[in-house]
Each structure stands twice: as C-alpha cells, then as structure tokens.
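First, one chain by itself: the form predicted alone, in structure tokens.
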C-alpha cells in the first residue's frame, strides 16, 4: 500500500511539474456559439441540442463553426456530498454527458463554463478549491472547451489562478481549449500565452455599436466601437498568434440593437482582428441576412487565414477608419469603416500608398507597377483595381471590406 501511494504521489507531482496547455488547438481563432449573450442562465438540454442541429442544417458547421459552449447557469446551486458539481436537475435532467454526447454525434465539440472564484458571476458554485475535481468531471462528461471567468476571486492572482486550472485540465489527459475570461484587467496578453488558448482583451460586449451610455443596461457593457478602441488593439496584436489569441468577446451579430450594416461591420472587424468568432445570437430565429453574414466564407477566410496575423489600424480619414491585414498568400485585406452617425464619403487613392506592418514585417506599396484587383467581400465581386482611386459611399456604421487579389 505504501509503494502504491508513493507511485501515485510521484505521478501527480510529475504531471503538475510538466503541466501545460493542450497543444495543437486554436491554431486559427476558434469558431462556435456561446449561450450567454442571448439566454443568460435560461439554458436547457433541448436548447443545446437544437443549436447543434442548426449548426448542421444551416451550414454553420460547414462554414467552420465547431464549438457549442454552455455558459453560466448549467449547474445546480449546490455541490454534492463529495464536492462534485451537479448539473441543474430541471435544465439538464439527463446530465451534461448526454448533452456532450449529442453535440459530438453531430461532429461538433462541446464546451462548459466555470469561474476561478468561489461563485460564478451568476452565483452558482465556482471552482475555487475544486479545480482538479472539476476538471476531472468535465473530462468525464466529454467537454472539449472551458471558459473560465473571474468573479468572486478575492485575494487570488489572475496568473496563478489560471495556471492552476490549466494544470488541472492537463492532468485529465483530455485536450481542452482553455478560454481565459478576466476581461483584460491584468494585461493577460503579457502572461497568458503559455496558459490558455484565448484571453479576453476587453470588458464584456453589449448589443450596441456606439456609446454604451445610450444603452440602459446598468452594468455598462461595451459597444463594438469601444472594444475596438480598448488598449488599443494595435498595441496588443503583437502578442497574438497560432494557439494564443486576443479575444474581444462573443459576437452580437443578429441580436436586437444592431442593424444590417452594423452587423456586417462588427463581423468583419472581429475577422480582421483575429478575435474568436463565437456566435451569441438565437440561431433558431436568425434572419436570412444574419445567416448570410455569419457564413460569408470570404470574411471568415480573413479570420482563419493561416498567416495568423491580427489586422491593425492603418489610418483615419475623416469619419472613415481604415484597417489592414496581411494574408498568407501575399494578399491583403482592407476594411473601410464609417464610425460616424451620418453617411460618409471617401475617395481612396491607392497610388503611392504603402501598408507596412511594423511588428511582423509585412509590407505592400501600390504603384503603376504593383496593381491589385479589388474584391468586395460582402458583394462577392471585383469592383476595380488599385490603379484607380476607389470612391466609397458608406451609410452610418457601414463598412467596405475588400481583398486585394494578386
């Protein structure tokens, strides 16, 4: 018995000593769906099965979305006598494994949520003091993804707390995509790459485009534009790459509060800046216009580009902000975003312009000897060449998103 105890003690010590995050995950920004933005804690087994079905029937799976993630509120309010998490008995009467098995049967991956503190943000049992126990339970149920929040974490340090859960996940032997959700408060881009696969670089998002003060939510979720301006993204992009991405929070595309042009601009910005594309709308009720945005393969290809370089702000010309992004095949993507509340016009003369990525060293100079074809990624057709100026007319918050073809 003593030898057996010693063997397991050495085994545990070794697994912790060499603990690391799972390899070969999130080589491009992860794509999927999360329950929180639309449903909060009002989630249940049938909803998740419906979402998995819709992934397949609408072409979302084919477009690259693969994770179905249960956010806060899936568990019972109390642990069992042994300290194990329990699924909420009404919401998930057949348990979490049954849900995970169903998601997997559709060729998709399944994710769960918990929190580093004593309670989750919605007041359910957090993982503090139960990290290894909880990780083992997630592995037993077949989870592939863990979103780990940062509520009720008195006197914990972010890096240490997330390292503990990373090590607990690694000890299970099951590869988990680990999502660090501490809202960017302790500059996770400086420390999180060896710990997680994605980390939140901003506060929580809300379903609005401009100033959050126009929104009545008392907890002040950030607007799309505020998230773009946070940090700003130009400064944190150097820390992102294959297996470690800045996360600007889940998408609000298709939710009440954004119009068609705002949905298009929002989706393109997340694609250009290599944020995970985690849907947050009710897929059961989305319009054809919303589905067309979410399955636009030309826009998605910018996010999933194998070069893995986060785009950056090139210039501001009047109300129009210009983002550029180098791509793997030597092509470039450009987004012209009208940030104003009014229509905007711009004549962009490519000749003599140079896009230069000071961090990663990519550069393109436009001249009569270096002409690129211009493809509008929302219209899905070529609209000219860089040998002539591009005349742009944009409605409020509308974007022109183009790919400069060789």
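Computed from a prediction, not measured in an experiment: that's the story for all the values here. Residue numbers count along the first chain shown, from 1.
There is also a form predicted in complex with ligand GLA; it is not shown, and the following applies to it.
Picking from 305-313, 83-91, 179-187, 325-333 the stretch near ligand GLA in the predicted complex, with a 4.5 Å limit on heavy atoms, gives 179-187. By the criterion of a heavy atom within 4.5 Å, residue 204 is counted among the residues contacting ligand GLA in the predicted complex. Using a 4.5 Å cutoff between non-hydrogen atoms, residue 250 counts as a contact of ligand GLA in the predicted complex.
At a distance threshold of 4.5 angstroms between non-hydrogen atoms, residue 65 is out of contact with ligand GLA in the predicted complex. Among residues of the shown chain, residue 200 is one whose heavy atoms approach ligand GLA to within 4.5 Å in the predicted complex.
Of the listed positions (262, 144, 149, 134), a single one reaches within 4.5 angstroms of ligand GLA by any non-hydrogen atom in the predicted complex, namely 149.
Only one of 286, 139, 319, 121 lies close to ligand GLA in the predicted complex, with a heavy atom inside 4.5 Å, and it is 121.
With contact defined as any non-hydrogen atom lying within 4.5 angstroms of ligand GLA in the predicted complex, the contacting residues in 71-90 are 71, 72, given in sequence order.
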